[in-house]
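Coming up is one lone chain in structure tokens, specifically the form predicted on its own.
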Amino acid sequence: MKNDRKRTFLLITIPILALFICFNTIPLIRGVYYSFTNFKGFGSYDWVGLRNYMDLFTDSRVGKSYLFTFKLAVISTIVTNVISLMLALALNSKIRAKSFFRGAYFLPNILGSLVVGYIFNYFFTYILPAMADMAGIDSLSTSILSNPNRAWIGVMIVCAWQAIAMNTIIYISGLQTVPEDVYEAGGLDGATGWKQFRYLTFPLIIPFFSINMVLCVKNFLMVFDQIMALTKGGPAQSTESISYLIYNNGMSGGQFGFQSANAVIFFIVIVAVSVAQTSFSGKKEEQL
């Protein structure tokens, strides 16, 4: 009976492992291999060694995309977590229609990123300028997506708007783990309002805060759908994220080998950032 059980689990595991190797491991290995070639995505190619990796550090377009992506990730992470935490505190309190509001705020997470991006594209291009004209606000009378200095704000708004939903749910889960006894004891010591949040609530939900920070930074560093729907990297490549640059120039720009090297470096950067965040958060949790 025990052998049959093990055989069943093995039969379930093998197909999943095969699919993972087929669609994840093998493409990853081939991508690393192509990063050492001048492969254009078609035809023959030659081995070029580390030339692609060396060229990455001198390519201004690649450097610009990294700066934009990290700026977007940092600002979007801060905005998302501040708003999410405020919403979670409100939705965890004793208010009417609490379940309805939780469902309503989670709706953006259900919608596809491309769909949301195209809707906001229409809003930024037509609706917002029309409203600005009626209100006499000249600075918003044209689409912010057409301004190289402000297009990133539109991308950030869409990224944060969609990410807030999941973050809020995670924060609510964390807030519900805080015992009422803690607040009652804190109330006796005069901890109310901001002091209650700073010294009681926040230290107890630090693990959930850490999860949200790691997920936010990772997801925003890999931003692609919103760029595709809103700006396609423009205007003047001012909103070209790393993922979009790898896709655009690798698939249709004849730089498959070069962008494969970019993808390998980007993968290492994301892993390094995630590990650093996790280590830092773990130390903070131990101190608390």
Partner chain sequence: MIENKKTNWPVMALLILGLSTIAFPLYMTIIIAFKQPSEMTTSISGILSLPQHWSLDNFREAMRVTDFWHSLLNSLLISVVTVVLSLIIHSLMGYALGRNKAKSKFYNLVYLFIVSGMFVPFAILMMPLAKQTAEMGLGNWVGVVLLYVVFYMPMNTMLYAGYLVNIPVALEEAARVDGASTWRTYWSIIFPVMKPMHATVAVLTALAVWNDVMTPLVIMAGSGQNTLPLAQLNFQSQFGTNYNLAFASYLLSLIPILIFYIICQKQILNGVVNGAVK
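Positions refer to the first chain, counted from 1. For clarity, every value in this text was computed on a predicted model and none was experimentally measured. By rigid core we mean the largest C-alpha set that fits within 1.5 Å across both forms.
The form predicted in complex with its partner chain exists for this protein as well; it is not shown, and the discussion that follows is about that form.
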Non-hydrogen atom within 4.5 Å of its partner chain in the predicted complex for each of Val74, Val79 and Ser281:
no
Name the residue from Asn149, Ser99, Thr192, Ser139 that puts a heavy atom within 4.5 Å of its partner chain in the predicted complex.
Ser99
Asp59 within 4.5 Å of its partner chain in the predicted complex, heavy atoms
no
Given that its partner chain is not shown alongside this chain, does Gly250 nevertheless sit within 4.5 Å of it in the predicted complex, heavy atom to heavy atom?
yes
Does Pro179 reach its partner chain in the predicted complex, with heavy atoms at most 4.5 Å apart?
no
Considering only heavy atoms, tell me if Phe224 and its partner chain come within 4.5 Å of each other in the predicted complex.
yes
Neighbours of its partner chain in the predicted complex among 33-66 [non-hydrogen atom within 4.5 angstroms]
Tyr34, Phe39, Gly41
Once the core is aligned, does Phe267 move its Cα by at least 2 Å between the shown form and the other one?
no
Is Ala18 one of the residues whose C-alpha moves 2 Å or more between the shown form and the other one after the core fit?
yes
